[in-house]
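The chain below stands alone, shown as structure tokens; this is the form predicted on its own.
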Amino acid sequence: MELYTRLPAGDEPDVVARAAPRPGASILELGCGVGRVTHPLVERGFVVTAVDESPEMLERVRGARTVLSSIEDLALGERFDVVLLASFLVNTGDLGVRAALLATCLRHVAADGVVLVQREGEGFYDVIPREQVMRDGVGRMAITSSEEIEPGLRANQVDYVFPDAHWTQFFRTRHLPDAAFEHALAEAGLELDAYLTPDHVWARALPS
């Protein structure tokens, strides 16, 4: 929990604000955590419904409606201008979970709405190890190692280093090159509208 409260927002709020169909749009944020992205979106005037399966995380969220649920099981019976699936969740190593995540996006996006997905872009693993200083300049994040354990499935280590603390995370991801990502969208009833950043990390999809 302490790690997540220390992480600053990156470019996510700016990307979402540019890609939203209208000012003040309704946003369904899937996997909001402690509100790292939620709070900047609320400050920009968006109406955010923030979803997470951790009640401790949701207690940190301010200014947004909160919903305690796993993403896969979410069924609000509502539609939103924007459905946001960030934090590289689409790169989960579990194919069934990925399909369920995208199904939730389709289930909740308005007919004229958009699904915004943050993913591992092309070349994401070309340079390992690598590190970057966080936007606030206080800490740094390093992808320390990444090993392909079967075709497409990788075991990764990420370290977060602050002047007074150090956290290490181990997790698995399934890399999705552009063609595979677009195929996964199509299987879920979505279609790619545009890549929003030159590295293809951010994509906008529409109901097909």
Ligand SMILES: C[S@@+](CC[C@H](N)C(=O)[O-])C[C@H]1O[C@@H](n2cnc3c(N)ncnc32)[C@H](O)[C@@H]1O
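The numbering used is simple: start at 1 and walk along the sequence shown. Quick caveat, the model's predicted, so the values are computed rather than measured.
Omitted here: the form predicted in complex with the ligand. The next part is about that form.
**Q** From the candidate stretches 146-154, 171-179, 29-37, 42-50, select the single one in contact with the ligand in the predicted bound form, where contact means a heavy atom within 4.5 Å.
**A** Partner-contacting stretch among the options: 29-37.
**Q** If we define contact as a non-hydrogen atom of the residue within 4.5 angstroms of the partner, is Ala142 a contact of the ligand in the predicted bound form?
**A** No, Ala142 stays farther than 4.5 Å from the ligand in the predicted bound form.
**Q** Is Glu122 part of the interface with the ligand in the predicted bound form - any heavy atom within 4.5 Å?
**A** Glu122 lies outside the contact set for the ligand.
**Q** Should Val158 be counted as a contact of the ligand in the predicted bound form, where contact means heavy atoms within 4.5 Å?
**A** No - in the predicted bound form, heavy atoms of Val158 and the ligand never come within 4.5 Å of each other.
**Q** Within 4.5 Å, heavy atoms only: does Leu106 come near the ligand in the predicted bound form?
**A** Outside the cut-off, so no.
**Q** Report the residue, out of Ile128, Ile71, Ala99, Met134, that has at least one non-hydrogen atom within 4.5 angstroms of the ligand in the predicted bound form.
**A** Selected option: Ile71.
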